[in-house]
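Next up: just one chain, as structure tokens, the form predicted on its own.
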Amino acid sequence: MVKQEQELDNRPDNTAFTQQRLPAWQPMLSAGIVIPGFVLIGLAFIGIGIALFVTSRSIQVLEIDYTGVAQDSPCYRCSDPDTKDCMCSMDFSIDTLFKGPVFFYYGLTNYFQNYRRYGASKDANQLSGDLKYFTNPSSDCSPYQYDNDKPIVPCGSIANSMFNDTFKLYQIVNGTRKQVPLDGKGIAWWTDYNVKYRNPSVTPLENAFNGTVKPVFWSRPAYKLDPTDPANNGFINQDFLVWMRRAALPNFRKLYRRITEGDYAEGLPAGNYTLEIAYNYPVLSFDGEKKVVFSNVSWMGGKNEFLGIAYLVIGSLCIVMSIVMLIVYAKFKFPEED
């Protein structure tokens, strides 16, 4: 009797939901539905793939390697790590109009920004402008936590390894050099600039860094990263923010500038150009390479042929499968089951 009462107590309520009596719909898949479905999906994927592939092929990309490994490279002498404050120039030409807006990237190879310890080597509180962590950086920043017993700001491996090559682009017009304006505003993520990273509320900003030192490999402190624009200094410097957003793959490129102003608003005209490089960033120690990339974009973003090819392959497989299923159905169907 007691056991029966316990069973009644544990019984779910007599509702459609608890007793699994809710109405349900289960499709009855047949050859007349599946085969045309595969054909339609395949045609749709092939159409999207063709559109993506053709659009990607229309995007212009120009890559220039300036690592300086080859002895005939203009940057060969700068690749020597003992050479300081080295400048080199790369000459190149453009045959047709490089349609704007043109995006100017720097690229690195064999550089693993996705290492866990490398990614954790920073102080989020310090980078959000908390002065308490200026004098007492997080231990996660080690070995770039202190320099000669003085706290490093910003600390950590990511900040210390910030890319510091700089570039100037010139167009050769009638034998003279005409500088191409490079726009560095708004190249970082909005969330990084307005939410994730903040400068301390101290005026002038330099006073917030009293008693601290710059990262070991930096040539100037954080509050002087951009001498031409006081609003582009500290932890909200655009180049710093771009570098701090780590790349997922060892071969990557990061946005350096945009070409959108003046006579180059429509793009880079055909002609001869000179890229002047302040060569500072060493890469040969880890068998890396450096390059600059000029590219424009389309409605689908940058050049990426893989996406279009993937759609074409999947669409083609769907068409092939529909043909195979049609042959099997035509050969093995039973009239009495129609």
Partner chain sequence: MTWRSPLALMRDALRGQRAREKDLRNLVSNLPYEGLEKAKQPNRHFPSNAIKTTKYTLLLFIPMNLFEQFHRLANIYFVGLAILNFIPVVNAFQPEVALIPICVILSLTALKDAWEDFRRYQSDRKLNNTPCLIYSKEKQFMERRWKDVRVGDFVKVVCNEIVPADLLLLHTSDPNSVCHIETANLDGETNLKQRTVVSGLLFEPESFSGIVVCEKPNNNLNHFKCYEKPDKERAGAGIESLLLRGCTVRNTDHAVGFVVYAHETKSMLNNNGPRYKRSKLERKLNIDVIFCVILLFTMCLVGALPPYLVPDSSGHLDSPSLSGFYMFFTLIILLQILIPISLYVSIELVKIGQIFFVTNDTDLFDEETDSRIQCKALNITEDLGQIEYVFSDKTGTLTENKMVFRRCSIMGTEYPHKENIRLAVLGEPESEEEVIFDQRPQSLQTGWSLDAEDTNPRDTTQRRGSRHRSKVTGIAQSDVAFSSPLETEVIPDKKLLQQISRAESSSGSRKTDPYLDFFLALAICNTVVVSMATAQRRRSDNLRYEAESPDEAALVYAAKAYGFILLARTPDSVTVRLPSGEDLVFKVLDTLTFDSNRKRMSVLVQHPITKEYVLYTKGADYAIMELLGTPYAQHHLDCYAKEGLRTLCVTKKVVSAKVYESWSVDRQRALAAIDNKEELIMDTAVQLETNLSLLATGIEDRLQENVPDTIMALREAGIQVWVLTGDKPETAVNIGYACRLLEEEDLIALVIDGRTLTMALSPDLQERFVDLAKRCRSVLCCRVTPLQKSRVVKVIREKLKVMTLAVDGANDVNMIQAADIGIGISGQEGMQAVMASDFAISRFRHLKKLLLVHGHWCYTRLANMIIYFFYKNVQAYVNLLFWYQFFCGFSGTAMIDYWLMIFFNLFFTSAPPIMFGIMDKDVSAEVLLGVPELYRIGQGAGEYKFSTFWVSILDAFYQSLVCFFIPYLAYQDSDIDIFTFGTPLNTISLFTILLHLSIEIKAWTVVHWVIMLGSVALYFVVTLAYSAICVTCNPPSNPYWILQSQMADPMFYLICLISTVVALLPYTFHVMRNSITPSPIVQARHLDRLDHSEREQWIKEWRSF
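Remember, it's a predicted structure, so these values are computed and weren't measured experimentally. Numbering follows the first chain given and starts at 1.
Not pictured, yet referred to below: the form predicted together with its partner chain.
Can you pick out, from 96, 114, 89, 210, the residue that has a heavy atom within 4.5 Å of its partner chain in the predicted bound form?
Checked against the cut-off, the match is 114.
Quick check on this chain: which one of 304, 55, 295, 274 has a heavy atom within 4.5 Å of its partner chain in the predicted bound form?
Among 304, 55, 295, 274, a heavy atom within 4.5 Å of its partner chain in the predicted bound form occurs only for 304.
Tell me, yes or no, whether residue 182 is in contact with its partner chain in the predicted bound form, where a contact means a heavy atom of each within 4.5 Å.
Residue 182 lies outside the contact set for its partner chain.
In the predicted bound form, does residue 151 have a heavy atom within 4.5 Å of its partner chain?
Residue 151 lies outside the contact set for its partner chain.
Hey, in the predicted bound form, does residue 135 get a heavy atom within 4.5 angstroms of its partner chain?
Contact check for residue 135: no, nothing within 4.5 Å of its partner chain in the predicted bound form.
Should residue 247 be counted as a contact of its partner chain in the predicted bound form, where contact means heavy atoms within 4.5 Å?
Residue 247 belongs to the contact set for its partner chain.
Any idea which of 115-123, 173-181, 230-238, 80-88 reaches within 4.5 Å of its partner chain in the predicted bound form, heavy atoms considered?
It is 115-123 that comes within 4.5 Å of the partner.
Using a 4.5 Å cut-off on heavy atoms, which residues of 14-40 contact its partner chain in the predicted bound form?
14, 17, 18, 19, 20, 21, 22, 23, 24, 25, 26, 27, 28, 29, 30, 31, 34, 38 sit within 4.5 Å of the partner.
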